[in-house]
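Have a look below at one chain only, the form predicted on its own, in structure tokens format.
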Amino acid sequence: MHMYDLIEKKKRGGALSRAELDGLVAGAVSGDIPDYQLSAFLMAVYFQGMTAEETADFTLAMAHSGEMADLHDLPGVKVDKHSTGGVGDKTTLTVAPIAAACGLVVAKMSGRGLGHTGGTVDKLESIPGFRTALSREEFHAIAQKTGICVAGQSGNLAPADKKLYALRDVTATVDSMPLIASSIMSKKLAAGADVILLDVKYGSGAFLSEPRDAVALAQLMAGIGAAAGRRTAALITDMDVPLGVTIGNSLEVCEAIETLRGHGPLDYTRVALELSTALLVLAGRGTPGECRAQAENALQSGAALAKFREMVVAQGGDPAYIDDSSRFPRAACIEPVAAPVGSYLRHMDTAAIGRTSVILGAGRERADEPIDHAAGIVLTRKTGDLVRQGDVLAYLHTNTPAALSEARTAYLQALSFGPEPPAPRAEIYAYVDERQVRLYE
């Protein structure tokens, strides 16, 4: 295989064969193909795209470029849920225990946050003692005992994706549909679940702004999953408004605990229940109506909260913080943001609000940066609310007082006001699998 010829073929719009893609991925991992040629290939894909078959072959090659997690010894149906990222997106903290309480096995590897999107691992590590760095043996043992384990990405899963993503990040080729799909799905396939549910976001706080683009990405990923023999589907969900009322690590954990107690914000609760229902349907646990009833019962009965607590104990966390979330440390500085005018809150630039939380210390711009688990934002008004001048829009939480002025300005700049309310938006736009797109009414 000559890399020059593959670049030339893709540059002219040709489709690469499975053998050619296998060779390319192997060369990327071994270092035999230099970065400048890999970058040229990525740019050719950016402009010429890939066929569905080519994207599936590329994804499988990346999935098999390192270790493939083996979950066959775990009893029951193994499920995974992945979100494309958002602000206040804490659904794993509720969906995973609901699914486990309904008898599914959630053996999930999650990532850390970078930029304006939060990471599940960072949120869980705000629970004192909670361990996300687990050996393969510990991961399996906890999942087998409790039916739920959420750990950090470890081992040598999909190393080709790690290599190619780093190059995409510096060559302006991140926003390519086949490259996004292959990156996400290569890691999901390598993680070993039988069932994969994707939460594909769109809106001002998501990578994709339009629902049609989110549907196209979901269809592509669902097709890849089906080609690999995994039951895969997606919900297209709105991220034009932060999900729930908290942004920041321990703040979001507290909100998740309250939601598991049945007292969560309506938008967050609705999205969590729909995701849980979809997981149960994919896992063959009944009709949509039956699965919805199972998910609601797990939430209302306290079984999901008990399962979350069980996971925390198994992974070394202090369950006292689950029993009494007021034990979580509060930020030294908590300051209100007042409405500058009396009017409708018409729009929230959700990505900008996420970046405001980074200013406060809740996120990171570089992978090696520390975060302040107590920092973040608590929302008191959201899109569509009528506010009076001086009303509190949000509370900024930080242990860095010098950050407050910049954060307050950034938060207000992320909001738009007007005399008329905005058109309502549903939290869930559509359900997508390899066969259908079903719009929500």
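Sequential numbering from 1, following the sequence displayed. Not measured: the values here are computed from a predicted model.
Form predicted together with uracil (URA): not shown, discussed below.
Even though uracil (URA) is not shown here, does I184 get within 4.5 Å of it in the predicted bound form, heavy atoms only? Close contact exists here: in the predicted bound form, I184 approaches uracil (URA) to within 4.5 Å, heavy atoms only.
Is there any non-hydrogen atom of Y165 lying within 4.5 Å of uracil (URA) in the predicted bound form? The answer is yes: Y165 has a heavy atom within 4.5 Å of uracil (URA).
Taking any heavy atom pair closer than or equal to 4.5 Å as contact, tell me whether L179 reaches uracil (URA) in the predicted bound form. Yes.
Within 4.5 angstroms, counting heavy atoms, which one of the listed stretches 227-235, 184-192, 94-102, 320-328 is next to uracil (URA) in the predicted bound form? Of the options, only 184-192 has residues within 4.5 Å of the partner.
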